[in-house]
Ligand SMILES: Nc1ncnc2c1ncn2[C@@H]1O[C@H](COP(=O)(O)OP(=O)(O)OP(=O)(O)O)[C@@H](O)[C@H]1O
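Before any questions on how it binds or moves, here is one chain, the form predicted alone, in structure tokens.
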């Protein structure tokens, strides 16, 4: 096994599932249905990074306002206000309707300028579905029918442009030295793919899937590490609880 630097999440019961932490510099897809704790996991990853490991973090939300995010994590006793004042934690709230072609680059530039080591995108689903990802007509089969200065966006071009954006976005993240990222995504229902975009699970270095267990029992949420490149990972399904202190990934009872 390759000897890698580890980025510990500090989340109770989780790091042991990935041999001590995420490989440094990796992009992790965290997919699940609504209400499974995806945003909480991402925020705790950043909070622990700042408090326990002195690593600066950035949370990018396309679905919630900054103050709502801060208020929601106070339930766990996390003082985000002081971390933000110390510039150990940053929150970037961008409404979906304000996403533009330069948004991805602006996020990358912010990470570089502020020495961000931990990044959470909430969510990749919203970003890829709403970003006006433009492509030159020379890359389109109908290029001879339109002017060379014409641009297309995903609603016209379709899934191919969205998938191309995801490839580029994740590759841009990998080029930022020392940054480890979690990309939150909606899980695909009744599909052969884990994510709704159908491509991010193949491009990302790791995939974590959370879902609801409707069969009863003590816990209603379950977590599994579906893949993790360059490291050994636990392949079992684990109960997940959201406590008053944050996420708690439980051991399987034998």
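Only a predicted model underlies this, so the values are computations on that prediction, with no experimental measurement involved. Residue numbers count along the first chain shown, from 1.
Keep in mind that the form predicted together with the ligand is missing from the display, and what follows is about it.
- Remark: all three candidate residues (34, 221 and 243) come within 4.5 Å of the ligand in the predicted bound form, counting heavy atoms only.
- Only one of 108-116, 94-102, 75-83, 169-177 places residue heavy atoms within 4.5 angstroms of the ligand in the predicted bound form, namely 75-83.
- For residue 51, no non-hydrogen atom is located within 4.5 Å of the ligand in the predicted bound form, even though that partner is not displayed.
- Taking non-hydrogen atoms only, residue 38 approaches the ligand to within 4.5 angstroms in the predicted bound form.
- Counting a residue when any of its non-hydrogen atoms is within 4.5 Å of the ligand in the predicted bound form, there are no hits in 46-63.
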